[in-house]
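Taking the form predicted alone, here's one chain by itself in structure tokens.
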Amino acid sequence: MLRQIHRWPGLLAAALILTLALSGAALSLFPALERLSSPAAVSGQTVGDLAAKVLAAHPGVEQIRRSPSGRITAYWFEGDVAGAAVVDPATGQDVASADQGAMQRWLTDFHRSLLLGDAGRYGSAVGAVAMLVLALSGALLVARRQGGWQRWFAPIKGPLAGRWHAELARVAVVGLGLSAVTALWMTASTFDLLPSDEANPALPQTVSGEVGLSPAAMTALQQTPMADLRDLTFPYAGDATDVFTLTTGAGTGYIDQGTGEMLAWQSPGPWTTVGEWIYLLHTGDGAALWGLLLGLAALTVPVLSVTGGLIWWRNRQSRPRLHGMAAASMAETVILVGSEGGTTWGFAAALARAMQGHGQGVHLAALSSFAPQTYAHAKQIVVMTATWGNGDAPTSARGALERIAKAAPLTGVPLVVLGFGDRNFPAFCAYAEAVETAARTAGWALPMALDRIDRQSPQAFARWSRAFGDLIGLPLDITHQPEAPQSTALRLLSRKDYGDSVQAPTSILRFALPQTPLWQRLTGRGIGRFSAGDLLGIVPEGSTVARLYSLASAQSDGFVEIVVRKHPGGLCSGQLLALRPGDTVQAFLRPNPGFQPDTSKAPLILIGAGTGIGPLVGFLRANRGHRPMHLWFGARHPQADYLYAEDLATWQADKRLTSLRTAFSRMGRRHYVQDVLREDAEAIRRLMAQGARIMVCGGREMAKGVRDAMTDILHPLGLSPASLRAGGRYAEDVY
């Protein structure tokens, strides 16, 4: 829902928002130009001194105005001819034309009303509303993407278009939001929709009747610094009953032209004060630097429009089109999808088309849009969802658990959950399990037990479709072969081989970082920005199912590196270990935000075994700030599979690695990494007392052994792996 709120104002009002933003950016330059071109003020000068100098230069002066930028403009009559000029406050002499300039006048009118008068002002207000909705919803989306407001300025990863969109949004959203709010306020004020204060004090009943006193001799004017001046209006020539009208930031008053005394004064009311601040915040007039910042914020709008459009188009293209799709309120079958990479959408579309072939009205949507109150004609709801990270919601399912928990179940409408995942990972279909649990707790009827599709198996999906067809009384037998994900060719630069002597062939494979054209990066193709700990998907020949490997390098390293062990019968690992320098392999990136070091200076406890050292090495390689990092590493034999031994020694010498402990299971007694952890229990407890974070990477059996050891080690501190995980201090990348 939040994405839709953000999306549609941007798509429908794009031209209007762009028009207002670009004209506003151009107007933001004028306060700074006016400040730079205005004659410098005289230190300590008073309004009386200024008025006397201008009166000497122009005996027919009627008004002196000081703009927020400091420019002094005088207005006069010489006979019947009106005159106006920018004056030098030091001399009172003319220095420039008072004419605003045709370009500035045109831009101002265009920005305020689109050159259409009152109708255009209403149109500009509509654009401001759209901008405000975009700013607020965009801020919420950035906070959600970053994992909370406290991580607002944390590094952003992902495809270039999405990254630029979020990067610009988080620095421009304040300026754009303020511009929208202040524009709406000024429009409401223009049409008298806001309360107002009495602007001037009551006219004095009696005056001295004297004339001819020089402004330089008037006490009220001499006590007013020129920097406070807004406006000084002179009395009508020859009228002894008229007065000077002085306006400053503190209020408006009347001054006797014969005695120079203040006759009446009125301070501005709250609505006037607020209105002046609103004007300053919107235009930057009087705060040139703020105006330039507003202009820069406005200039992000074209980029945000392009990148936002690319994100919308990419998301639209990633979801299969379902011709003849029924509206949610009319569909008999509602299929809701939780997907990260897009493959689950393909299975969902195959199911939808098969059911359409049997005359069913089908609605296909993201699981994040779960809204059963709108499914007025539904006979069944199907949830098909993958799992992200360690049991987290994939992108198109964010917020779904909360929606399921809050929504009342539909009477007589069953809900069926199908999970997609990879059994090699410990969180296999964990999010689908969470959805099923939430639905059961909420009271939904679940006539089918949760089924799980391992590694996008067409056979498993066909089996499930037959069982689902039996449930709803339709003959379904759906075969769907997922398309291979978009990938990029990586060329192998070098390899280091280990483990043959202990029957565990393992290689460190380093690939060249491909040069990705800007357009491909903007549309999410090619190899974009990545960090150690992110995932590299490899599509082996003869398969459409990718295998994921943790990255041991970051983009700043200038290469792509992974650690691969040969698995008996492993299609992908076999092909990778057969590569020779110069060979290529198809690959793509997947971010892994749940397995990244935080940005604090607290110690990091890194624990890995075998190929699990890959991302940990990447963290050490990037530790040029010498954050305390302590590594516990397990392998089979120091002469066989001690991965990165030379690098670890180098990093320990240059302080990127604070301490190193190893365990070898094929040398003397069997010694595993969890055994060394227990031996170092006191040292670990001291690190935890300093706020250390634990990061574990490797096989699931190793990870379980580490959790068990850490449970015992941390117990005296009242901590546990579970409590640390909840607090963001225990992360696992397990396979």
Partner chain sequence: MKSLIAALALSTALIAPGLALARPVTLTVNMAQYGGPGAYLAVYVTDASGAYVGSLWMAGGKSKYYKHLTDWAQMTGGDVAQVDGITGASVGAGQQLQLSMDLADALFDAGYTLHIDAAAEEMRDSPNEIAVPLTAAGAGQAVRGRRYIADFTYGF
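Think of the rigid core as the biggest set of C-alphas that the two forms share within 1.5 Å after superposition. What you see is a predicted model; the values in this text were computed from it and never measured. Positions refer to the first chain, counted from 1.
The next section is about a form of this same protein that is not shown, the form predicted in complex with its partner chain.
Contact check for Tyr254: a non-hydrogen atom falls within 4.5 Å of its partner chain in the predicted complex. Proximity of Lys655 to its partner chain in the predicted complex: non-hydrogen atoms within 4.5 Å are absent; the residue sits far from the partner. Taking the partner from the other structure, its partner chain in the predicted complex has no heavy atom within 4.5 Å of any heavy atom of Asp675. Remark: Gly83 counts among the residues lining its partner chain in the predicted complex, judged by a heavy atom distance of 4.5 Å or less. Segments offered: 614-622, 105-113, 472-480, 439-447. Contacting its partner chain in the predicted complex at heavy atom distances within 4.5 Å is 105-113.
Contact with its partner chain in the predicted complex holds for all three of Gln63, Tyr75 and Ser189, each having a heavy atom within 4.5 Å.
Of the residues given (Glu210, Glu198, Glu541, Glu646), Glu198 alone sits with a heavy atom within 4.5 Å of its partner chain in the predicted complex. Gln100 is the sole member of Gln459, Ser267, Gln100, Gln503 with a non-hydrogen atom within 4.5 Å of its partner chain in the predicted complex. For the partner-free chain shown, nothing in 554-568 comes within 4.5 angstroms of its partner chain in the predicted complex, judged by any non-hydrogen atom. Once both forms are overlaid on the rigid core, the distance between the two CA positions of Ala199 between the shown form and the other one is 2 angstroms or more. When two forms of a protein are overlaid on their rigid core, residues whose CA moves 2 Å or more are considered shifted, and Phe234 is one of them between the shown form and the other one. With the core superposed, Tyr122 shows a C-alpha displacement below 2 Å between the shown form and the other one.
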